[in-house]
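Listed next as structure tokens is one chain, alone, in the form predicted on its own.
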Amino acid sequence: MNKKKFGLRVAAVCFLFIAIWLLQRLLMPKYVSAIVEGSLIEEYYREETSHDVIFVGDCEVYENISPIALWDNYGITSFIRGGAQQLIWQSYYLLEETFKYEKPEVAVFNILAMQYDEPQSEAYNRLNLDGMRMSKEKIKSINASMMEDEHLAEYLFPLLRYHSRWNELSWEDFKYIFNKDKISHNGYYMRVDIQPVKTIPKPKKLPSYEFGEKAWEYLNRMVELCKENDVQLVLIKAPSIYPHWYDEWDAQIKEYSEEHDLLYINLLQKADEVGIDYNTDTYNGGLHLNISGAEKVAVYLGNILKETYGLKDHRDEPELSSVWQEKSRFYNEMREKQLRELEEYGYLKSLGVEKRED
């Protein structure tokens, strides 16, 4: 084979791989204007500075704690690597991956996920796994998370899963094929609207209140991982009213924390001390906090972390201050934008006109 033919074949193969990669990028969901939770995990890779605190867990971290408030009040740098219905093994492998990039002073895990001992759904798996960079941690997390009818290849090569999306494509899929707008504030998903708690669903009785073996296994592994990396592990229960957090569950976590010398903070029990007002600090009836509630939790939690672990105030460091001033600017601009949109919607609604979503 002469050099010209060989070169043409190499070029053809390269072109094929590029075309497949572009097609995969196009067909994968973008998670920008809908189901934005799918963008949260990948936003960590945009960070250019390290963090004092890394949060992992489900919606009870990424909707209930404001990293910007932690910075504004204490100069604590933090990031939330949270995801919708993030399972404990997904949290564990995210921490394992994160420790390859940085070693925070503290890792905080929200323990609501202890209720799950088996994979729950492909949809939630995708929101937590698709955004991870390719790594051995991602592969291990996929293997631990897959439902019976899922396949590893479809996670490693998403085109195999999303090839049928071609008839669902919108302009957004083309617009964000390479770069996406920033959705979160260091992993925090902002909401400024208010929907007070009016009723609390009655908790159902469970056949057993014991956490499963797999949940305990990964909590043990998380403890050991943090010890090996000289990172303090803190367990929290966010102040969300439901899903219900049973006293039997709480007792197990308290006992475990005492046995392993861990700090456990049940913010639900301390809601009054935190200053949570369930008439004004939640946007969906107590399931998640709005920005007011998330800032109160950050202020309360930040004081504990500062006093317990001696976290440094970085606000007098020019380089970090410059980075976080920009983060605060983006945060405040989004707050004001959401407030303006609410005012507009309220006005239209008072006229009997529903706001159109374009």
Partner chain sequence: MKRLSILLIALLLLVACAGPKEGLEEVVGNDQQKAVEDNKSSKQGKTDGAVEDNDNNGEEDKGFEFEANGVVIAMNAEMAPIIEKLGDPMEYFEADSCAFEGKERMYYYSGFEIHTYEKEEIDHVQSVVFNDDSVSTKEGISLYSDFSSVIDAYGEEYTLTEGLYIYERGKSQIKFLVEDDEIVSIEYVAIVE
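Remember, it's a predicted structure, so these values are computed and weren't measured experimentally. Numbering follows the first chain given and starts at 1.
One more form of this protein, predicted in complex with the partner chain, exists but is not displayed; see below.
- Across the options 89-97, 226-234, 102-110, 197-205, residues that bring heavy atoms within 4.5 Å of the partner chain in the model of the complex belong to 197-205.
- Among Y124, Y218, Y74, Y256, the residue placing a heavy atom within 4.5 Å of the partner chain in the model of the complex is Y124.
- Contact annotation: of the candidates A84, M114, I142, I265, the single residue with a non-hydrogen atom within 4.5 angstroms of the partner chain in the model of the complex is A84.
- Contact check at 4.5 Å (heavy atoms) against the partner chain in the model of the complex: none of K270, G275 and Y300 pass.
- Taking the partner from elsewhere, Y246 is found to have every heavy atom lying beyond 4.5 Å of the partner chain in the model of the complex.
- A69 falls outside the set of residues with a heavy atom inside 4.5 Å of the partner chain in the model of the complex.
- The partner chain in the model of the complex is approached by N284, whose closest heavy atom lies within 4.5 angstroms of it.
- Contact check for H185: no non-hydrogen atom falls within 4.5 Å of the partner chain in the model of the complex.
- Applying a 4.5 Å heavy atom cutoff to the partner chain in the model of the complex picks out no residue from 301-327.
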